[in-house]
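Only one chain is included here, represented as structure tokens and corresponding to the form predicted alone.
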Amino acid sequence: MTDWNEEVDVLVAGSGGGLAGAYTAAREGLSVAVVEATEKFGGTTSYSGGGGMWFPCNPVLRRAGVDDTFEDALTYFRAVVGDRTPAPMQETYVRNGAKVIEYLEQDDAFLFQTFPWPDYFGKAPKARLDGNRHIIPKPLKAAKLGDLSESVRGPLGTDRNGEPQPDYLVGGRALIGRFLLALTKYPNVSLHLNSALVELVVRDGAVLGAIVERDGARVAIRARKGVLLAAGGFEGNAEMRERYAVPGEARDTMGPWGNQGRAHEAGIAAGADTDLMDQAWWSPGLIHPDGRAAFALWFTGGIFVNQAGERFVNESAAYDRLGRGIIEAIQAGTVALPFWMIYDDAEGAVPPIKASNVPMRDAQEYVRAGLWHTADTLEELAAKIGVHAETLVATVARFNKQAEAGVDEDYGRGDEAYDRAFSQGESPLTPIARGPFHAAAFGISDLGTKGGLRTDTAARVLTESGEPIPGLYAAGNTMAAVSGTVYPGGGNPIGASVLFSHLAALDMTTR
């Protein structure tokens, strides 16, 4: 028997998208405790630059006159994901996101806006090339949150570079801030930082609660309706990454330091089945002076080359597709880390990257670290970065010829809508012609692991035999991703986290 220190209806482990479950449960009249392992709320969601959600046909888009249909969106999603995840899970995600937004918009704490972002597989049937399946939260003035604003993780410029906190919460921080603002209305909610879930309390196959380590002391919390595990992935745990063969390094993830897989291991110990444990949301990563590769996108020039001086990938592809292409090349032995972005002086010595996510530091720090190089000729640049000179010259010459023609015959750069998203619909092929010439070191980064506990459409965690474990739910990166081995569109990770957390809470109300 367990001597309970505290009792609630719902225990939520994690404070990213899982806050949607906490909010839903509280609004439906249940008592809720949120336990966050780290010193800040928000998890990986708070590091998202946009905080977007891929929710087709939602009210925000409907008011904007978007003519999409659920059938079209589901056709696209199924074409991209295939049968890697159960069809009912895919349909639940596509058809129910709009209902979540309807639910949230009944509360004045939540405000959203359209933010067109093209689907990531533009050639798939019913892809939305205009990006109108994606919305973001409106910025939130920090003062409106009061003291809670200091408890929201991020932004990355603050956490990694020591920059001052901005006056407004934007992107994922705005979404977290709005959930916290909404939760303050409910006296039946308690929020706990520095409170890591250690293990689940299981009796006769059912989860009754959890043991939480709060400020160094163990606390047994009974959860009468259920426990929602939404504590992020295990991207920060080098041992787990190696165990499950996840490419990349823990140091290069964009997930916060607390994402160590404790909720995964607690769920597995309780009998949960898992899936997709070798998968992550990948991206190319600009290497910063601290030695860490960090997610970067929105390239307005340059090409990637390997150690032989050859191109090997479509540099303008959606970041997960691009990251997977890099990993495939590494596994094939044609690319080693670091690889290099080669660019000319059209925009100066700083790489043509408009969204580095972790803000770039002074250029000389990169130069001193051996990460950025400059030379008057491509031959000299090749010597500085250890690349075969004749091959690099030939690679650039071939690319320039294709840029002039506007067609990338080698890797199809510019063939899809997303490729042209940052060039106003024009070709993203920019010649490398104006000296001096530059090189910037790149690695592989990720936005978190996406493998986790297998669930049903109500976010109930399943055993290997497919039976729900009573009282146990999962969402976000603690749950095996509904998108399988692909990244269908911007806002898919946060959208799925919010939706399945919401559905978990609704199911708990019926227990």
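All of these numbers come straight from a predicted model, not from anything done at the bench. The first residue of the sequence shown is number 1, and the count goes up from there.
Another form exists, predicted together with a small molecule; not displayed. Remarks below refer to it.
Under a 4.5 angstroms non-hydrogen atom cutoff, the small molecule in the predicted complex lacks G301 among its neighbouring residues. Mapping the unseen interface onto this chain, F179 falls outside it, with no heavy atom inside 4.5 Å of the small molecule in the predicted complex. The small molecule is not shown here, but in the predicted complex it comes within 4.5 Å of a heavy atom of S195. Interface residue remark: F442 is not counted as part of the site for the small molecule in the predicted complex, having no heavy atom within 4.5 Å.
With the partner omitted here, the residue from R262, R413, R324, H438 that has a non-hydrogen atom within 4.5 angstroms of the small molecule in the predicted complex is R262. The partner is absent here, but in the predicted complex a heavy atom of L156, alone among I268, L156, V170, V219, sits within 4.5 Å of the small molecule. For the small molecule in the predicted complex, the listed stretch (35 to 43, 22 to 30, 62 to 70, 459 to 467) containing residues with heavy atoms inside 4.5 Å is 35 to 43. Taken together, G309, P351 and I353 are entirely out of contact with the small molecule in the predicted complex: none brings a heavy atom within 4.5 Å.
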